[in-house]
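Coming up are structure 1 and structure 2: the same protein chain in two forms, each one given alone as structure tokens.
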Structure 1
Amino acid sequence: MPTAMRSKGFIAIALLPALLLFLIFVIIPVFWSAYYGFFSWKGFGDATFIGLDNYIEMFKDPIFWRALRNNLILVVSSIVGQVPIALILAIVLFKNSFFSRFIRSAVFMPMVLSTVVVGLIWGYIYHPQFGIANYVLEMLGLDSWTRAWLSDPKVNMLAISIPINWANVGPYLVIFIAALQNISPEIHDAAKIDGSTGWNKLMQITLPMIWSTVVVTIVLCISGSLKAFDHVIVMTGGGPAQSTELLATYMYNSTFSVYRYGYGSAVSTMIMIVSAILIALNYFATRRKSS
């Protein structure tokens, strides 16, 4: 048997356990959940087939549309916030100095923290009575700007998106630094000889060479934003009056609070559909950009 064939066989055998685990704990539950979305089921006992009734009820529920709107706000804020900040920091901290390593660790640290801890910290920061956000505004003489950040429907989604962005910049920073390190030094030298520096170098050389990495980070932002759950549950619980409800919290409340597992399965399937649509739109948009 040729060496190449033996190598491919070894790789396939080595990947088989991970693929089996992924199939059992991810792929099969996805299809199982989609299947139960067509049933009325309380999580125990018999399930009654009701066809598309769960989806029809979902589309008629204004809370679902509010949750979808909030999720889209979170997706946009994550893409606009996390990706540019991580890219700028990666370019600034590209050099492997002690200061750069320290800042990288500091930026990545929120990712190490539990999302519950992050939610509690920012919940205290936004507290209307003794929170540091209002305190700083009062110190600056901006008393009219103080408010109950997590209770005001005009700003609570923006307030929630800030800690989510803060906690998730770190991984994208590491990804962008790895992408920048893969650019050959000869390319930088050639650009320097041609007089391409600063902004021109970034737009004409650096960004096109790591564009595939940018696309991947945007996809991760989309999927991560649609799965956002912990921060909102800890900080607001989806309230007040469902003003901060997300699709994941809507699914959780519909499933485990009132024991409607069939309806919750339909909502989870809809989350996957929305995610697939947004990722597809991102693919076509970035493909046109790259071409």
Structure 2
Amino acid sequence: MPTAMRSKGFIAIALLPALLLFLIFVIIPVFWSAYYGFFSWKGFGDATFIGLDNYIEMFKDPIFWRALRNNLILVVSSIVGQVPIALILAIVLFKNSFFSRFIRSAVFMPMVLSTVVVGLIWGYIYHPQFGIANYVLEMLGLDSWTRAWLSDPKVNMLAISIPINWANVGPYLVIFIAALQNISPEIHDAAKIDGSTGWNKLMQITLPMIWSTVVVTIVLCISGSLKAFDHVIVMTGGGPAQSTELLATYMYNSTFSVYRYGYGSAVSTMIMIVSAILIALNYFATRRKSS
């Protein structure tokens, strides 16, 4: 039998590598960026303590607010795009027939692609010269709708949100199908006896039964939108005139191209705070719903 001493040794040796790696590369950087956020620093030489100046500058910068707004646009577009599409598909596809399995794997496919590939392909789809987006609109006789989708500041955030929705319906679909298959057949039988079918059944039985899953997918939309960095960097780089900047690309562009590590750290800390606020808001909203 292993002795207590040997257990202690095992615990230490088995747990420490994971814990140390995690602390050094995930937890400590969060505190570092909070610390550097109070300095003006070019990445070399001495850092000067400037108190809250970085944060004051950030709040005065209209680009910061636009980036925050753009992040929220992506959250909203995911919630009104991916979630309903995936839910409708799941309701239609939840049987395990060959046909529904085929559709499911087709819809899931973009999920395994690199975000860079997604960004590049969609950049071409929106291309003003040969992009199919404008071509289809012309075919439909909607010539007046054609435009340079990624450079027109009125529509470019919407244009960016479409590929993100396109790539992410898959997992939501699979999540919803799993939730629908978890509803016991007796409930369906009971609904049948009560004469509840179609729309009524959907609104009064199916949706309430999977409501907790819907909430989970909304949380995923929020955290997913904070990860949209790659798509924007590849499709627009945050431009033109910083109109498609997200918090993360704003951080990237104001750190690595102009060597302002102090300011970049302050923005990084702000990203942490924003995501914590969003998660907290969601936590309280869901707690009320489930109680």
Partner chain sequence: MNLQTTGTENASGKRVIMKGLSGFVKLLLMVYAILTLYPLYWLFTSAFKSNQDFFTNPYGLPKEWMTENIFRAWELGNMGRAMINSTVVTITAVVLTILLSVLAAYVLSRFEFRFKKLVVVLFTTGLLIPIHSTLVPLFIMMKNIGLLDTYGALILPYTAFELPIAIFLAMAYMSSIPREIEEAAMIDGSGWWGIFSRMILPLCTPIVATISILAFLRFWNDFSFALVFINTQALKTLPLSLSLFSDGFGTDYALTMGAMAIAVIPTIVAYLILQEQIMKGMVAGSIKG
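By rigid core we mean the largest C-alpha set that fits within 1.5 Å across both forms. No experiment lies behind these values; they were computed from the predicted model shown. The first residue in the sequence of structure 1 is number 1, and each one after it adds one.
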Of these two copies of the chain, point out the form predicted in complex with its partner chain. 2
After core superposition, I'd like to know whether residue 224 moves between the two structures (criterion: C-alpha shift of 2 angstroms or more). no
Following rigid core alignment, is the displacement of the residue 39 C-alpha between the two structures equal to or greater than 2 angstroms? yes
With both forms fitted on the core, give yes or no for whether the Cα of residue 68 moves by 2 angstroms or more between the two structures. no
Could the core-superposed CA displacement of residue 22 between the two structures be given in angstrom, to one decimal? 5.7
